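Listed next as structure tokens: two forms of one protein chain, kept apart as structure 1 and structure 2.
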Structure 1
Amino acid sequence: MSEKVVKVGLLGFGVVGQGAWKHLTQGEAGLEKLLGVRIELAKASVRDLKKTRDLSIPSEKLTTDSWEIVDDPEIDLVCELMGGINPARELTLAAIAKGKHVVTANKALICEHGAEIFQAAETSKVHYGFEASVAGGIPIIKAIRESLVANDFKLIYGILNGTSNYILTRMEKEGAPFDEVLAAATELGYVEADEALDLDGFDAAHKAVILAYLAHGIWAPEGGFPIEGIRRISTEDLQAAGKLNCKVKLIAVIRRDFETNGVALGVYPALVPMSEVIARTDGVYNGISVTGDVLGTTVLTGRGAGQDPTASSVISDVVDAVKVIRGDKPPPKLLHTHEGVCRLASPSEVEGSFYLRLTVEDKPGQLARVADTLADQGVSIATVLQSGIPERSAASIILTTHATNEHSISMAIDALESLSGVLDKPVLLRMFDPNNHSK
């Protein structure tokens, strides 16, 4: 860095990259006054130089070679906005090894290789900023690492995927079927090219893994906790939730039992009580509720995706990195101070109540057989509602359970799937209870 200039290179120049470039350019004078240095946008890497883009920049500032940016000794700060695992991992580690500070929005990379990258950044004493990787413009990472540092967190939960929230909101308000709303969301550009990221819970799971590490020092492997999506939710489920004074939301839940230090982590659609702010967070908005032992509960809501919200978080990390470069502050500690204290809770430790919808043959005694099958696995019924489906000569059974655990309900679902007279795969939703300390 020269005395008055910090040079920045962007790896990737898609929606977020162009947004960061645009707002850094527009805010250049204000940032210079704030920081006492000028941020110079040196270069951005792209796949195709000839591609038409919404933002026009000088051709000499574009390159198809990302290594040109990483290897440039004059570039002080690299913004990795390309996404994916490779080559983003290699480029990130190389930049860190060369003493460059790195800012990213790449949640998948952190989820899979966060431990390695965090260790590398601490070894090289550089800033690695990743606020934009979780919940777009909502400053949840900074809140957990800085503002709420005095707290141990017994519960963090919320909506971390705006696309699924948009779909569920429209289904609930308009009574529209899933496929129709999905088509509209796709046309609006809300759905990822790999739609499983949004619809099957994987995008929210990446973010939940990052939050679980920040809060509790554990890296949760894929397959180590429930990840479920919204594809099988029907308007019937949304209406039933309304009768229970709840809304169905795809939520990530991170809950710690302080006696056992078991952390229950999961991403799934759940019935959230209307008394919760998260239940009333609709459309493309994200919302995160954080409960600490010192602060109590605070809720942050806002746009969780899109060019401007994500660019806002990228620029926040750029500003922090510049302060490190200037020597105003040390790089933030990334490795959790209590790593190894907590563990992932086993399914049998994770308790709660459940909502279950079954489609069964419309014959006498079917409900009794369902009840007996659940009882065999230690699951008891709290409420039940049965209605006919004449066109299929079938019936819909909607029931809720008393408190049980994830292992027992999983065994019960397996048993129901093989039960004579059950026509479709059961639809299972959690009944979210903010006061349940184990789920």
Structure 2
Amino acid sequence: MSEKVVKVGLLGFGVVGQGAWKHLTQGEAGLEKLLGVRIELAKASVRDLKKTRDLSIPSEKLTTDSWEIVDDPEIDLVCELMGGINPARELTLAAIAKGKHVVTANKALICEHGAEIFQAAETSKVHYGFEASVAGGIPIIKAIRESLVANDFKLIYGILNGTSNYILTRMEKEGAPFDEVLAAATELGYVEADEALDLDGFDAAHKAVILAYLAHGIWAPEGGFPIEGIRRISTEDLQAAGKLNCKVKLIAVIRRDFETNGVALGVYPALVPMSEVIARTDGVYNGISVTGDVLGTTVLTGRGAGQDPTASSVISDVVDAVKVIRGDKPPPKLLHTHEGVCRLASPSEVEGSFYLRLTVEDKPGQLARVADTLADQGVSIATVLQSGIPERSAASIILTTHATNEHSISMAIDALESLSGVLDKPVLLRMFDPNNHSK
């Protein structure tokens, strides 16, 4: 048995916390052999000591006081697996200030306070590991920061939210109702404590902001780019996408124009051509396609949510932190070396084609009025598909457009919403084109 011991405290003992504890315990001997250090799980904090948990640990190892862990001078490494902004932020900054290394899965916290935390970790010369914060078990953080360091990134896009991909996949393949699939995803431990984060695109946006910082050195503010979720997607949209040889996926897109250094960022459900690996990435799997100027394109896929894959990423960071503690290597740099080179692109700079589904009164001239409204905003129609909804004396019109910019389409949608004969709020989806060279 090694004489050297690294004591680890967990803030949070839920889905991810229990997964990390379980696999650190099961892998203890192997990790000790690898590192020459014994990792001792000292304590975990929770809100409710009475809650039934899948993993049973000695009761004296659980506490409701997270500060007991952060203030314990014997604990070298803190895993923040509680989620949310506060008290996670205060606890993280306090642990860093005390010289403790920190590992986290908390993308919401990094998205909102990453600049402050990265600076604090660099100042205190501690390891701040966040591999589990993006795409569950896929090692995308390490890939971008280390393995692909030779590249400037033209396009990073893909599925960053397991819950929404699981829901869309089961709706498409089984025709399963949205609420039933959401309940199953919750049972499987995929869904955030606040399910709106998954369903309304914010969780994927938090992850996209982290990737955009790693790739381009910009912290994109919430409200500075489009974020849309999956609540309005119907089985009709999923089927129509199939007819266009596409799949509907909730994707995050980070595209850099090398001439202007504008970075277009967006999170939205989009029609992705079936030729793309991302279109064929189903269930809880995430997929990230990375195009670098040196590498070309590579795609990473794997389980993007759930206890075990996320624990795999947490443990990878724990191992890196132990190597720093052992003095084998310095903590990796967190602040981007080229901050200030790129900027967030505005909606008028971002072009693409769109899919539009309208429910309209079935009366003469309606389609012409829709076409005129689009033309008024400079939006040109590429294809039209119309079918009847007899029970409502209505028709469903599915249009695709030629390339237009985000600003024009958003003006067109506003105009369509108030057009006489348009019955429901239009459903607008982007048509993802990997070869789009947006200005």
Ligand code: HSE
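Please note that residue numbering is based on structure 1, beginning with 1 at the start of its sequence. Not measured: the values here are computed from a predicted model. For the two forms, the rigid core is made up of the largest set of C-alpha atoms that agree within 1.5 Å on superposition.
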Quiz item: Looking at both, which one would you say is the form predicted in complex with the ligand?
Solution: 2
Quiz item: Once everything's superposed on the core, is residue 175 shifted 2 Å or more at the Cα between the two structures?
Solution: yes
